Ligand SMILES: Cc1cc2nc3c(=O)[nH]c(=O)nc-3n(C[C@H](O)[C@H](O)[C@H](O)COP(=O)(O)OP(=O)(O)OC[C@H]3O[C@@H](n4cnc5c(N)ncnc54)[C@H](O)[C@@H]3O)c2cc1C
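We begin with a single chain expressed as structure tokens, specifically the form predicted alone.
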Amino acid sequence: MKIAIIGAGFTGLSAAFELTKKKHKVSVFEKDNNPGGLAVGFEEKKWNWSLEKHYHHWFTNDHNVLGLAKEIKFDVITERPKTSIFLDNSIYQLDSPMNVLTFPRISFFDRLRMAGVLGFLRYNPYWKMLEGIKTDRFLREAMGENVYKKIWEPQLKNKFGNYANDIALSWFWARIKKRTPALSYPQGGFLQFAETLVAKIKKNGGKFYFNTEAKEIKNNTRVNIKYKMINDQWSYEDFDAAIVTLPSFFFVKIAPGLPENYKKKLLSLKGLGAINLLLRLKKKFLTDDTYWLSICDRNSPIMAMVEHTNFMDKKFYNNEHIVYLGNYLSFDHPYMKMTKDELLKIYHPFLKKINPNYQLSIINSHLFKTPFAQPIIPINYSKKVPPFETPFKNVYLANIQQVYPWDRGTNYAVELGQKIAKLITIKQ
């Protein structure tokens, strides 16, 4: 079969890899000049490794992506970094049962309640029973108002904004269920991992069109794709089937012939974009060696701080210390229109609370934005997940709004690509 894949994120790449192994003729269209999707990387001249525009890592139980790395013989590094929270102007390590039980900011009884609830979620295999319950209400009642107000409400509101009270407990369950103390990372960075996968796909006969944007999909006797290349040249091509890995609203945009009721259902699914201000520093920002710092302060302009070089060695980045300042925001949020200097000016008073002298250490900064990164998961979301098959014959949709009950991440992107490749193979 001649198959088009729109998007060279890890869903598109894993689908292409599986399909080309079965001798299908695959063409991948990617608007960016590099593969990787939300994990796309960049590299400074003196760095030995690339770095992601939006922070990524793998849990040690991310079997799909780790299995793929093993299959293509790509080396993976596993470490146990430190995860903490920022509460009442102090940093507290909170990444083990013992840390929870010794956490000084809540009573011993509250610690026991919180540990018990987290244990229940972690070892409960039945997510379906949880999707009709809202996370905020459950945490209030199960852990108590004090724990909820101090630890969980600020994180929910910083992450989801106006949607914080709508999130299903199944989403929270997935976050607790999957978390592992040790984390993994592809040697050399996600860009090198993606490029290695591209090379394998090409070796299998697959074709890639980078700097090429799919502009329209039509469904006649075959699937017709209209696309624009970097030189503004337009072209058309017919395929036996197509896989669209773009966010749902982009699919609606490039497929105007879709039925109105189907488009309405896709557009009813909500999501947030991501914005990451990346600081390159001469010295550590989080001097206690914390890798991931969740902010439990409702007034914080930042959702989380991730000091990548407290996980991966700074020697790979010319001995620079790399810190992400991350937020999930709606596409029309004022921050989405700001420059890196404007944003840093807003962040500065809060950053000084954690490291008063960080400005003296700045080498440079970078700002990265994407309009869609985090699906909103309301109650009973399983009834709203769009199917892989679309109203267009032999056109399939595969994006992160379909990985439920799991949350977004490259492991589930890989799994999704493998599923869609298997479906196409079976149907044909």
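Keep in mind the model is a prediction, meaning the values are calculated, not measured. Heads up: residue numbers just count along the shown sequence, starting at 1.
This protein has a second form, the form predicted in complex with this ligand, left out of what is shown; the following refers to that one.
The listed set E213, D95, D240, D289 contains one residue whose heavy atoms approach this ligand in the predicted bound form to within 4.5 Å, identified as E213. Only one of K384, H366, H63, K31 lies close to this ligand in the predicted bound form, with a heavy atom inside 4.5 Å, and it is K31. In the predicted bound form, no heavy atom of I420 sits within 4.5 Å of this ligand. For A4, no non-hydrogen atom is located within 4.5 Å of this ligand in the predicted bound form, even though that partner is not displayed. Among residues of the shown chain, L246 is one whose heavy atoms approach this ligand to within 4.5 Å in the predicted bound form.
Although the partner is absent here, I400 lies within 4.5 Å of this ligand in the predicted bound form, judged by heavy atoms. Not one of L118, K134 and S170 places a heavy atom within 4.5 Å of this ligand in the predicted bound form. For this ligand in the predicted bound form, the listed stretch (357 to 365, 66 to 74, 384 to 392, 50 to 58) containing residues with heavy atoms inside 4.5 Å is 50 to 58. Looking at 267 to 296, the residues that come within 4.5 Å of this ligand in the predicted bound form, counting any heavy atom, are A274, N276.
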